[in-house]
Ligand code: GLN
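Coming up is one lone chain in structure tokens, specifically the form predicted on its own.
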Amino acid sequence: MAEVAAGSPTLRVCALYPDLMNIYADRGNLLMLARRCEWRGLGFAVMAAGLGEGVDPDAHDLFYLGGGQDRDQRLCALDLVRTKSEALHAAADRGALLLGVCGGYQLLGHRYALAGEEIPGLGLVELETIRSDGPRLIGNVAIEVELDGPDGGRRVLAGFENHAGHTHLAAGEQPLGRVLKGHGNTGSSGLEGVRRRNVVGTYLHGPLLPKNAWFADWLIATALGLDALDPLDDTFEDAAHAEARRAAGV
């Protein structure tokens, strides 16, 4: 493992509710970020922020919120609004990256309606999620995305989705990508996820980043404001990505 070189930047990550919002091995995404930083001699620091704990909007480059069961998601949503919403809005305004996966994605919007109640969201993007009584949207999925910056361009993200919520983007909001295979936000819109500048949400997990090493690198470079990252031997990572694409039929 490469040592952190003197003067190298450190990727500072705030993991929101990692003990509760980790139902789909989302912690693997944090491990992927850590390893790809370490292999390049970049620093990596992660801090957890749980129930009742505030966050410093200026202390982190990337805020990460994974997925959870409805009960845990409800607890975290109420806590987000009470103790973290103002700070996360301030972080987004200054350009920090915010990544929400599955349940975390749903909480980036204004509300999640289910079973006669509404779970409040952060309102960082204009979207709402409504739980459907129909079949769950589940299976392997691949989407085409087009991102700016290092390691961007038109690429494919592949993963797994499993959600009963149908997420509807308001007019003017941009999806993260276009569905190639799978269901996406609603099963019929042909859209998946959301991206408003540095706020990104997606239903892809399994976990997401080990299946898409290039996207992990995009997050690292974008969060640190780097023009490029040193290349790595991604033989295994490329094979994992290819297998995820094959599973989705792309």
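Note that the structure is predicted; figures quoted are calculated from it, not measured. Residue numbers here begin at 1 and follow the sequence given.
The next section is about a form of this same protein that is not shown, the form predicted together with glutamine (GLN).
Only one segment in the set 61 to 69, 209 to 217, 184 to 192, 35 to 43 has residues whose heavy atoms sit within 4.5 Å of glutamine (GLN) in the predicted bound form; it is 61 to 69. When glutamine (GLN) is considered in the predicted bound form, Gly165 lines it closely, a heavy atom lying within 4.5 Å. For the chain shown alone, Gly100 is not a contact residue for glutamine (GLN) in the predicted bound form, no non-hydrogen atom being within 4.5 angstroms. Contact annotation for Tyr24: at least one heavy atom lies within 4.5 Å of glutamine (GLN) in the predicted bound form. Taking the partner from the other structure, glutamine (GLN) in the predicted bound form has no heavy atom within 4.5 Å of any heavy atom of Arg82. The three marked residues, Tyr17, His89 and Arg111, fail to reach glutamine (GLN) in the predicted bound form, with no heavy atom of any inside 4.5 Å. In the predicted bound form, glutamine (GLN) lies within 4.5 angstroms of a heavy atom of only one residue of 180 to 216, namely His205.
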